[in-house]
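Taking the form predicted alone, here's one chain by itself in structure tokens.
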Amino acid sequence: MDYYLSVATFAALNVILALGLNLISGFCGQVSLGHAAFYGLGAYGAALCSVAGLPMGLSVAVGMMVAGAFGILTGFAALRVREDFLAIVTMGVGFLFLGAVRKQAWLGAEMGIAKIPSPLDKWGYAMLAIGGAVALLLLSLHVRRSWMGRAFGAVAQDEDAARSIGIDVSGYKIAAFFIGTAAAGLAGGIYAHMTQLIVPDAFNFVQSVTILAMVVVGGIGSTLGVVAGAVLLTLMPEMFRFINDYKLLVYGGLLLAVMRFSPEGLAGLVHRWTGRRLA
């Protein structure tokens, strides 16, 4: 039972991460290849607060704000670059994060932070992660149908056209980065308390690629498709153990296959087979 609870918890955390990235890249069209850095910022922020004696709920909230604050800074950088250049900038954010935490003794350097207080049992963390995933799912569905979602879509399609009809392009870009990275911070805070140990390599470029693969396989821009993609790519390494040794190879192959045969991911396949679009 403990094994299944752990898998369910990690699947829910990956749903949170993927939905957060989908808000940035799928809704607003801002390419991000450094999402794991914000996952790590949330984890380190929450861990430091918890070790200092703050309760878990407040520690996770601080982790979310730390990740969201750096997301806003990244959003400002996104105002001056687009597409491939933005991807490089966000990739650089990921490498900067890893370089910083590996050199700072007060962050544990390569050894990370251990003995993080863990006030909940496995059931508690599973329910917390699933609750967070459901809350972000509902938020994403609401945003999609709201004026903000329409503005995000306009920015993603054509920034100049969106600006010409009075949409605050800069404001919506920054808002997308804040919401998406704060969500990653939530996942990081839960992860830190659940594992009681965080190390830099848990938030490396491979993790960013994994999150991106979940979004693309599920169907970038589709909320329910991204949820399916996150769950699928969480379960695959558990069902087929060899994938763990060749994760980048397998995920790279999946991305190539999706781009070639179904650019809209699982959501596109559902639409093709049933004639209905996933939200």
Partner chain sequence: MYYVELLLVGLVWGCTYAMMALGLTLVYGLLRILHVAQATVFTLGAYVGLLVANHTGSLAAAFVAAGLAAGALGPLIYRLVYQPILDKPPFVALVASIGVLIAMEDGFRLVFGPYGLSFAKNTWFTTSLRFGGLSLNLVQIWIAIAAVVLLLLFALFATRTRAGVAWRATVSDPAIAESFGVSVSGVRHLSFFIASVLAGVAGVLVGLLNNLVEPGMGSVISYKGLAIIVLGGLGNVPGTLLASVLLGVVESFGTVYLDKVMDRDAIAFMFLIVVLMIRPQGLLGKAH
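Because the structure is a prediction, the values reported are computed rather than measured. Positions refer to the first chain, counted from 1.
Although not depicted, the form predicted in complex with its partner chain is the subject of the following passage.
Heavy atoms within 4.5 Å of its partner chain in the predicted complex are found in one stretch of 99-107, 130-138, 184-192, 117-125, which is 99-107.
Its partner chain in the predicted complex comes within 4.5 Å of no heavy atom belonging to Ile179. Heavy atoms of Leu233 never reach within 4.5 Å of its partner chain in the predicted complex, leaving it off the interface. Although the partner is absent here, Ile88 sits close enough that one of its heavy atoms falls within 4.5 Å of its partner chain in the predicted complex. Among heavy atoms of Leu58, none comes within 4.5 Å of its partner chain in the predicted complex.
At a distance of at most 4.5 angstroms from its partner chain in the predicted complex, all three residues Leu212, Val216 and Ile220 contribute at least one non-hydrogen atom.
For the residues Leu33, Val227, Met64, Cys49, the 4.5 Å heavy atom test against its partner chain in the predicted complex is passed only by Leu33. Residues Ala77, Arg80, Val81, Asp84, Phe85, Ala87, Ile88 of 74-88 are found to place at least one heavy atom within 4.5 Å of its partner chain in the predicted complex.
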